[in-house]
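Just one chain follows, in the form predicted alone, and it is written as structure tokens.
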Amino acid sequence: MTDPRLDSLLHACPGLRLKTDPADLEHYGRDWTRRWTPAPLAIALPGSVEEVQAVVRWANAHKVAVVPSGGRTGLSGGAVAADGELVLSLERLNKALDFNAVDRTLTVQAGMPLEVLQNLAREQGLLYPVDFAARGSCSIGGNIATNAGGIRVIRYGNTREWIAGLKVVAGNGELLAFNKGLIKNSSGYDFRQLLVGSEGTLGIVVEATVKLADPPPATNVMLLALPSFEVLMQVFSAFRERMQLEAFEFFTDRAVQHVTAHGAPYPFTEIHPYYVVTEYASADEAGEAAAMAAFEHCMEQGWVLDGVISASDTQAQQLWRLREGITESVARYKPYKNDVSVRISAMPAFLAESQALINGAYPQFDVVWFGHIGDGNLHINVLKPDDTGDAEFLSQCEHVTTLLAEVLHRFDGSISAEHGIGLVKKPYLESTRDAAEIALMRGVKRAFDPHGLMNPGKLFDP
């Protein structure tokens, strides 16, 4: 440990766990984007809120930027430390602090993995419903920082709907408590909601009180094969009108080919152009009858070519694997990812225009589409060919993203539905937020982080 600043940090925070080995700097200095070369000053792993405060106060005194770090499963460069920042990892702050059966809330530290939180809720006979494939490695603090969505937004909404209270260490080291678990609170600005989705640029979430829901209803899973992109919304409308949907996810034949090559079983005898996996309430015969009625209607209309209903929990998991395994199955291709959203009512027109743009712009690239059609969110994964250099590939993709951002602007859409802005989408923020909004965002950051040290360069430039 040669940097004298680190000696002063240990003096300011005796007992703080620090990592400086090159392997640790690389591991903690990046997220899943893998685009930037990690170059943090060091990795701080506080074991208490007081240590978090001490680290932030030291950072202010020495003008050292701080990058908060959770599970680093982000896809927008929001947890990247590439310019000598101190990474402040919350992984040791991972304890459950309180369960309130009357309020049906669970208070946990921010470093707790999402899956652990879900299991704690389940042990109490309740549900924490925000869910997605990275549940085992992402943290609740990171979920809050990006307002994570996932596969059940259609039924339960995004992370922000489930946050009853937060404790946050602001950019000056002060510990702030927001909302404190209240259901009703009309006493001025709701800073809790301001912190949700702030990507660590205002402060560091150290503790969260989350709301819990009733146990989920008995459900079943259906996989549908579709003939074209254009019928997606008709199928969605037909199912939503007839049944209680828990999830409604679509993906393409290219996604299926990658996932099955990665080991997922495939239930049909032939490959179809498009697919939907939907989970729906099936507590009684009426629920199953409604599902069959929706399926038969779509078959009669020619909107669905084939389908399969899970006959067991194991088969349900296999059907879900076709959707949830996509990201892992294409990871080796260093995919360039677009994560966009529009209003559900605008989805048909946006689908048509964006598909035409992508198909015309990337004739030589393998493009894997999937998304949460029921909440207007599309994921577009462009896979890098082995014979194309990283710089050339990135340049082509960024050009197309500029065009896609223009389409989103016309549809009043968002360049980031659930992954945050980070470094990746910063150039396109103005397609989603106008100049007045961005000016207000800068003003908010100055209020919470007067020296501009909390995750600088993310969302917008200093």
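Just so you know, these numbers come straight off a predicted model, no measurement behind them. Start at 1 and count along the sequence shown; that's the residue number.
Form predicted in complex with (2R)-2-hydroxypentanedioic acid: not shown, discussed below.
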Q. Is residue 327 close enough to (2R)-2-hydroxypentanedioic acid in the predicted complex to count, meaning some heavy atom within 4.5 Å?
A. yes
Q. Is residue 370 close to (2R)-2-hydroxypentanedioic acid in the predicted complex, meaning a heavy atom pair under 4.5 Å apart or at it?
A. yes
Q) Do residue 240 and (2R)-2-hydroxypentanedioic acid share at least one heavy atom pair within 4.5 Å in the predicted complex? A) no
Q | in the predicted complex, residue 379 touching (2R)-2-hydroxypentanedioic acid (heavy atom, 4.5 Å) | A | yes
Q.
By the heavy atom within 4.5 Å rule, which residue out of 138, 75, 224, 206 makes contact with (2R)-2-hydroxypentanedioic acid in the predicted complex?
A. 75
Q: Go through 323, 192, 258, 152 and name the one with a heavy atom inside 4.5 Å of (2R)-2-hydroxypentanedioic acid in the predicted complex.
A: 323
Q: Counting only non-hydrogen atoms, choose the one of 209-217, 97-105, 345-353, 370-378 that falls within 4.5 Å of (2R)-2-hydroxypentanedioic acid in the predicted complex.
A: 370-378
Q) Listed by sequence position, which residues of 436-456 have a non-hydrogen atom within 4.5 angstroms of (2R)-2-hydroxypentanedioic acid in the predicted complex? A) none
